[in-house]
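The chain below stands alone and is given in structure tokens; this is the form predicted on its own.
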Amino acid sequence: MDFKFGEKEEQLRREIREFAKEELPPGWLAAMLEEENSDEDWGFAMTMSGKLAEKGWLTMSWPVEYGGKGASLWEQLAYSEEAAYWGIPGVGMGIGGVDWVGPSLMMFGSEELKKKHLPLIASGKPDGVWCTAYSEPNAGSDFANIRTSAIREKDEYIINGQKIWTSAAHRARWCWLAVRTDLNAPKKHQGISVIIVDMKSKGVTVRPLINYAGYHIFNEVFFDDVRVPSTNLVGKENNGWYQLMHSLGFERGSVAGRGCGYNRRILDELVQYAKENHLFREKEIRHKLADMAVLIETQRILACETIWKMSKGSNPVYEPSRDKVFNDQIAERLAIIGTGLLGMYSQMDPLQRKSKWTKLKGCVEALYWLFPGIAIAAGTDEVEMNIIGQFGLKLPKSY
């Protein structure tokens, strides 16, 4: 079986590599999720978003009428892999703008919302940056437990509640918000809706949550009598659960290509480090790195299978969950092997990336600190494995 990409995709890869060589600083190696942390990194990311938009790559797989190029899914996969490998920042337009807000709006949004927001995302400009607000302090991992309410009053919704772990809320112009619009729904997954909120609205308060690695990625967001036009409702009222399952599918599906590209880059850096520091002569280290190479190649094949099914008109149900869990497991193993290779150097503060004692720009340390959180984002691995068991293996529900 030939797993090679076509000439069109390979040409795109060459163009992205040349772009990265020209636009990124010499020796650039990006740490995961770092672009949201500092103003300097965020400014550079937004500059790159604009350049990606000019190239037509930022939303390349979107239809032309919505600001895309109508590129194939295979081209999108090649772009995702290469952009992640080289650490090109600014590819997501915040958290979700490109990967799930845009595609979900195309499926469920009104023409008014499509015309307003899709061009903004495709432009690569700050007014097209999004955050995604699902998690709540007392909801746990059960999405249906959310309590943030949106009560209809004439031509407005009045929103009250709190969200937590909201990545990029301190950078975003718009919020993709899950709310409860029917407080008396007979089942908790009913009565949920999706509403778009301008983060500049009166009553929106964003407070930073600094994680244990020292990064400002997360935030808690408070909504106090925030008034939003009823036209900002996405799709049908109380139909949010169905819509959000599609959005989560887009989110989980976006992990495979980028995860594969980033994991491959970290592995290549570790192999080079091992060779330069005479660690490669040790059989155990060679075997561990070889095992990682096999896992990452397997990850790539699984990503290709998901894209292949989509290209044939299928709507993958469990595959995005499978790809997401596999990426989480690879990130964990890669981080543990990497810290072992670096030894005491792995104890450096990942924020001190310019220190002479920091190896590989602090990427391995950052990955080690962040992989537990990665396994929770977009649904815990336990939730994902339930989906795999139910829809992939046809097992009875375990919950």
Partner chain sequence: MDFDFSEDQIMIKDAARKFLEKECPKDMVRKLKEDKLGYDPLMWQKMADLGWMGLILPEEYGGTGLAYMDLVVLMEEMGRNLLPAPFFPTVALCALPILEYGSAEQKEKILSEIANGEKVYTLALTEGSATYEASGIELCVYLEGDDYLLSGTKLFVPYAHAADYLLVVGRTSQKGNPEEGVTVFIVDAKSPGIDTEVIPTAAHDRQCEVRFDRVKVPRENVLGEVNKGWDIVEFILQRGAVLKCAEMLGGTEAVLEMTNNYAKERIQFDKPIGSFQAIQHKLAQMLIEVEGLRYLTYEAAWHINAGIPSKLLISMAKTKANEVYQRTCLDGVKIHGAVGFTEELDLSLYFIRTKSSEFSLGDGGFHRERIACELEQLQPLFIGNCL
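Positions refer to the first chain, counted from 1. Just so it is clear, the model here is predicted, and its values are computed rather than measured.
Unshown form predicted together with the partner chain; subsequent notes refer to it.
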Within 4.5 Å of the partner chain in the predicted complex - does that hold for a heavy atom of every one of Y345, P350 and D381?
yes
Heavy atoms within 4.5 Å of the partner chain in the predicted complex: does F218 have any?
yes
Can any non-hydrogen atom of L33 be found within 4.5 angstroms of the partner chain in the predicted complex?
yes
Contact label in the predicted complex: G203 to the partner chain, heavy atom within 4.5 Å:
no
With a 4.5 Å heavy atom cut-off, would you call L360 a contact of the partner chain in the predicted complex?
no
Only one of 352 to 360, 23 to 31, 37 to 45, 53 to 61 has residues with a heavy atom within 4.5 Å of the partner chain in the predicted complex, and that stretch is 352 to 360
To verify the annotation, which of these, L73, L209, M107, A185, has a non-hydrogen atom within 4.5 Å of the partner chain in the predicted complex?
L209
Considering only 118 to 141, what residues come within 4.5 Å of the partner chain in the predicted complex, judged by heavy atoms?
P137, N138, A139, G140, S141
